[in-house]
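The form predicted on its own is given below as one chain in structure tokens.
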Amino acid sequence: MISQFFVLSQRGDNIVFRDYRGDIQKGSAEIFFRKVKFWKEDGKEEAPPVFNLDGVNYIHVKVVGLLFVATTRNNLPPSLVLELLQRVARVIKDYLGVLNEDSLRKNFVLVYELLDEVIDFGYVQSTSTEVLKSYIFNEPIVVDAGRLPSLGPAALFMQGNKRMPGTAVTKSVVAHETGGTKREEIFVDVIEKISVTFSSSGYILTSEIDGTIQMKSYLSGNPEIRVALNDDLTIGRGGRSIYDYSGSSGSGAVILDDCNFHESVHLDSFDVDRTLSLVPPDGEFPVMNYRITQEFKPPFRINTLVEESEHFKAEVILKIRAEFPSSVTANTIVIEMPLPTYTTRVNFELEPGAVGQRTDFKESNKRLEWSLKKIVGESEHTLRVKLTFPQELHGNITKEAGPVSMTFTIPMYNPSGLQVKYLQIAKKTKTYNPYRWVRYVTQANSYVARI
């Protein structure tokens, strides 16, 4: 069982706090934040999700900039508490529509009511949005979606200067529209997190996709729905290659290593026509999780060249090539590269006419950072970095620099080729308004290039 639960802002402000057992000293939230903010142990700059301090176990996750924390003196399975924190954050978001500091402060009465139903004396009762609706009576105060931070969840579906429909991101499952009516909608997202490792010569060493078909339902009456996937979807290795260069628009075979489904999904016809039938619960939930380890075309190619120009100087050339179609745009790209510990000065040289790019040298950990606001498909970007050292070099600089790591988000693109062909509602009424499209998102889980 857990002893305390609290939510902290990025500044360390205590937004939500609930003490369930009274066996931990006061001020634990402040103790936790100071420890995390100034973490310097084990040669790392960020605190691990689980650590012990003075006999108290602190377990935390970061969700959209907020710290969700649980404390306990018992030896609980960390994965259990981490999953609980993620589910609490998801339930709160289902009820508030928007999960940020402003929405928590405006709806603190509703949040505490949810916490009292989810956790009782430190023991978990239920984290189901649908089940909790029977016990929650407070109405949410809807926060204006326009006040979302620019890098929040709504920003995932920005294509250039146009915002794609994304009301599921900022909508409560219990709030009603003006006039007391409820909009009957259902949203489907295919989110894929990819892990790729390149060799120094640019060859792919490892590649993996962790995907989720995420659904958020606002349909009353619990109608049965059917979701159709690719006809040529295969589960289990069959020795075939899925090296499909057309991304989410391709029609090549999709081979999953393994997958699992939500408890509400029925697989009666899945083996026949790759169709899932389910009665969706209220709120957001994963319909299907899957994993792919067979080869696929990575969305970016990273080329790195390191040259020693003089005894006290060296030059690094970073080149990023977008391998996806020109109709797709990647957002919030960040490239990082550790430099030799004896580096004293770094000069950056961006390509002519570069817009929306920022460079920085982190002196504390000798790391360069290159940020790009967006990258259009089939484009290429280059950064030149000149390094200065205090003494003559001895040894190979390529062994002391790198590897290059990259993070990004690509809306409406998925390298696996898995598609939701259609979504049908068994007993459709005039009030139902399901969206006729599916949002695809690709994110970097671990994208690394060796030097």
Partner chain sequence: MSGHDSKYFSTTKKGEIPELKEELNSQYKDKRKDAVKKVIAAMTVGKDVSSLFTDVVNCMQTENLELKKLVYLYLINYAKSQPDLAILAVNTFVKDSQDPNPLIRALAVRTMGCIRVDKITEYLCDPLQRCLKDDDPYVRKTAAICVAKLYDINAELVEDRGFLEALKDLISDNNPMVVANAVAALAEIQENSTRPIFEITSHTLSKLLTALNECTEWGQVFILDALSKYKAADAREAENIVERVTPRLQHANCAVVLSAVKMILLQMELITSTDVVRNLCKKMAPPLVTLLSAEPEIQYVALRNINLIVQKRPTILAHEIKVFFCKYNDPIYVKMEKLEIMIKLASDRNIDQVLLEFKEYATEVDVDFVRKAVRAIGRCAIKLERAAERCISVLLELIKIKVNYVVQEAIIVIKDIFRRYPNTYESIIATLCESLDTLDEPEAKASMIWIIGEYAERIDNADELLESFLETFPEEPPLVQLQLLTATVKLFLKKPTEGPQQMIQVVLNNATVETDNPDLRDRAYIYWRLLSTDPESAKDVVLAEKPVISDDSNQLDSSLLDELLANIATLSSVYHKPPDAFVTRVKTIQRTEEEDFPDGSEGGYSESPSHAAGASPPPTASSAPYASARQPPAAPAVPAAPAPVPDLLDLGMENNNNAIVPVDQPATPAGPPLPVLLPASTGQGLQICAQLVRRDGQIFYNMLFENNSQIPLDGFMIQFNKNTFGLAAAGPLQVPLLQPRTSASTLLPMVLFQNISPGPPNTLMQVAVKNNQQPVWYFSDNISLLVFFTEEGRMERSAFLETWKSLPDSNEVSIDLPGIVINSVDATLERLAAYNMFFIAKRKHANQEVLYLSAQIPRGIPFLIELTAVIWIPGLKCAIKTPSPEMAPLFFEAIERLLRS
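Residue numbers count along the first chain shown, from 1. The shown structure was predicted, so the numbers you read here are calculated from the model rather than taken from an experiment. Only the largest set of C-alpha atoms that superpose within 1.5 Å between the two forms is called the rigid core.
Quick note: we don't show the form predicted together with its partner chain, though the next part is all about it.
K.L.:
Taking the shortest heavy atom distance, is Arg291 within 4.5 Å of its partner chain in the model of the complex?
P.N.:
Yes.
K.L.:
Even though the partner isn't displayed, in the model of the complex is Trp39 close enough to its partner chain, meaning a heavy atom within 4.5 Å?
P.N.:
The answer is yes: Trp39 has a heavy atom within 4.5 Å of its partner chain.
K.L.:
Is Phe51 close to its partner chain in the model of the complex, meaning a heavy atom pair under 4.5 Å apart or at it?
P.N.:
Phe51: yes, in contact with its partner chain in the model of the complex.
K.L.:
Does any heavy atom of Asn396 come within 4.5 Å of a heavy atom of its partner chain in the model of the complex?
P.N.:
Yes - in the model of the complex, heavy atoms of Asn396 and its partner chain come within 4.5 Å of each other.
K.L.:
Identify, from the list Leu233, Val265, Val142, Cys259, the residue with a heavy atom within 4.5 Å of its partner chain in the model of the complex.
P.N.:
When its partner chain is considered in the model of the complex, the option within 4.5 Å is Cys259.
K.L.:
Its partner chain isn't shown here, but in the model of the complex which of Glu224, Glu208, Glu284, Glu184 has a heavy atom within 4.5 Å of it?
P.N.:
Answer to the contact question: Glu208.
K.L.:
Decide yes or no: are Leu305, Glu351 and Lys362 jointly within 4.5 Å of its partner chain in the model of the complex, with each residue judged by its heavy atoms?
P.N.:
No, the whole trio is out of contact, none within 4.5 Å by any heavy atom.
K.L.:
Based on heavy atom distances of 4.5 Å or less, which listed stretch (130 to 138, 354 to 362, 317 to 325, 276 to 284) is in contact with its partner chain in the model of the complex?
P.N.:
Residues of 130 to 138 come within 4.5 Å of the partner.
K.L.:
Can you name the residues of 361 to 389 that have a non-hydrogen atom within 4.5 angstroms of its partner chain in the model of the complex?
P.N.:
Residue within 4.5 Å: Arg367 only.
K.L.:
Given a core-based superposition, decide whether the C-alpha of Met406 shifts by 2 Å or more between this form and the one not shown.
P.N.:
No.
K.L.:
My question is whether Phe296 is one of the residues whose C-alpha shifts by 2 Å or more between this form and the one not shown, given a fit on the rigid core.
P.N.:
No; Phe296 is a residue whose C-alpha shifts by less than 2 Å between this form and the one not shown when the cores are overlaid.
K.L.:
Spell out whether the Cα of Asn260 moves at least 2 Å between this form and the one not shown when the two forms are superposed on their rigid core.
P.N.:
No.
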